[in-house]
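Shown next as structure tokens: one chain only, the form predicted on its own.
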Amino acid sequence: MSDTYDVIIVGGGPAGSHLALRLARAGRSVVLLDRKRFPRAKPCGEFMGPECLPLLEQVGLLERVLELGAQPVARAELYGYGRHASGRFGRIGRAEAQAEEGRALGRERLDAAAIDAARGAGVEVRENWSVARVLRDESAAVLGVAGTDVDGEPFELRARFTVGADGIGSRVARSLGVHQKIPWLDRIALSTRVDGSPFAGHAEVHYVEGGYFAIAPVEGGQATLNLVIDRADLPGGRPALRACLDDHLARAPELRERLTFAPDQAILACGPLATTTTAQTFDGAALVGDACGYIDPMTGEGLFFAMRGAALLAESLVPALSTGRCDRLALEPYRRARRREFMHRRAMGLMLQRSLRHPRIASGILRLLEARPRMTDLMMGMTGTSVPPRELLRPSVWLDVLTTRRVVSGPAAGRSAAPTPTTAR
């Protein structure tokens, strides 16, 4: 098979499907390949910060996501080492979030909605097609991809441009020779569903010895429970998933007593949760979303990276295709924009990961956040993408954070009165 398209996109998650939608609506012929069939379960925190909402609206998905029951998440409760901090979205200094709450929706529904929209926009979607490698010419420019189709038969597809949006273990990135692991952060995530009643309206993070739990409410009265641990702490492999989950829950009794599991509830696993790439743009190809590299965000911004990355790539790729340029220099604006928008967040993720691996440091951070709730708000703003790094240079931000106090008392803290100035302690 040797069909030719403007763009081949490998991977049908938020990065791939959003990019496909944007390109198709710009009049480009697009084929999207995914090795799974939708809807499909996927280990994920399933949380979208406030800045994801306008990105969903831009591709015409916001109304559908709300119809599917996406749950509001207005605040986060952080627990660990005898400490409790609470943070919420909103104004910090001059920076104000697009909304005062994010949303959470199961990936089965979120991804299927985007795939359906892509089909409706004219994208050719091929499910159960597995890509093994990219095709290259004598000059190493990418010409397309090769792999096996839904019937297990070998195929080759060619396009003017190829995009790897195939996630953490991206086969496109591996085939291009740019995929790398981050050895010191070899972590995996276990994901399952629990009764969401105790977590309505907010997310929680519980830090325990050896890892942390993250919980967010999703549709259908459930919540997504994720446990992130070092891969070495799961020596029994997949058969030991439930035992591993129970062992770590025993270290967080205040969480365990509020959890209700459905009978025979499946537990999914994915990892490693720390990869990087040495390049993201090439002659005839680019990477987007987690295929570019992934740092376990614990801050819930992974879906933003995917959606925003798709928007940035489309901004460069549409004019490049119009002018007939497929070299990596044509995508230089995308490379620069990615660096500008994501580099500081990646650095923050690495810093948090290093710090929280040491109980004394983690306890100290939580003690500070407990004493200064507006610091927790600032952290949520930074990781929820509503507070750009330049805002940290404004004295008004730190005046707000250090001299404004709000009452925090248990899980209902996010519903307390508005912040009021007080003397800094």
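Don't overthink the numbering: it's just position in the shown sequence, from 1. Computed from a prediction, not measured in an experiment: that's the story for all the values here.
Heads up, the form predicted in complex with a small molecule isn't pictured, but that's what we're talking about next.
For the three residues Glu77, Phe199 and Glu219, a heavy atom within 4.5 Å of the small molecule turns up in the predicted complex in no case. Segments offered: 241-249, 315-323, 174-182, 265-273. Contacting the small molecule in the predicted complex at heavy atom distances within 4.5 Å is 265-273. The closest heavy atom approach of Glu46 to the small molecule in the predicted complex falls within 4.5 Å. When the small molecule is considered in the predicted complex, Gly309 lies well away from it, no heavy atom lying within 4.5 Å. At least one heavy atom of Arg107 is located within 4.5 Å of the small molecule in the predicted complex. At the 4.5 Å threshold, heavy atoms of Phe38 reach the small molecule in the predicted complex. A heavy atom within 4.5 Å of the small molecule in the predicted complex is found for one listed residue only; from Ala223, Val73, Val131, Val142, this is Val131.
This chain lacks the partner; the member of Leu331, Leu303, Ala285, Ala118 within 4.5 angstroms of the small molecule in the predicted complex by a non-hydrogen atom is Leu303.
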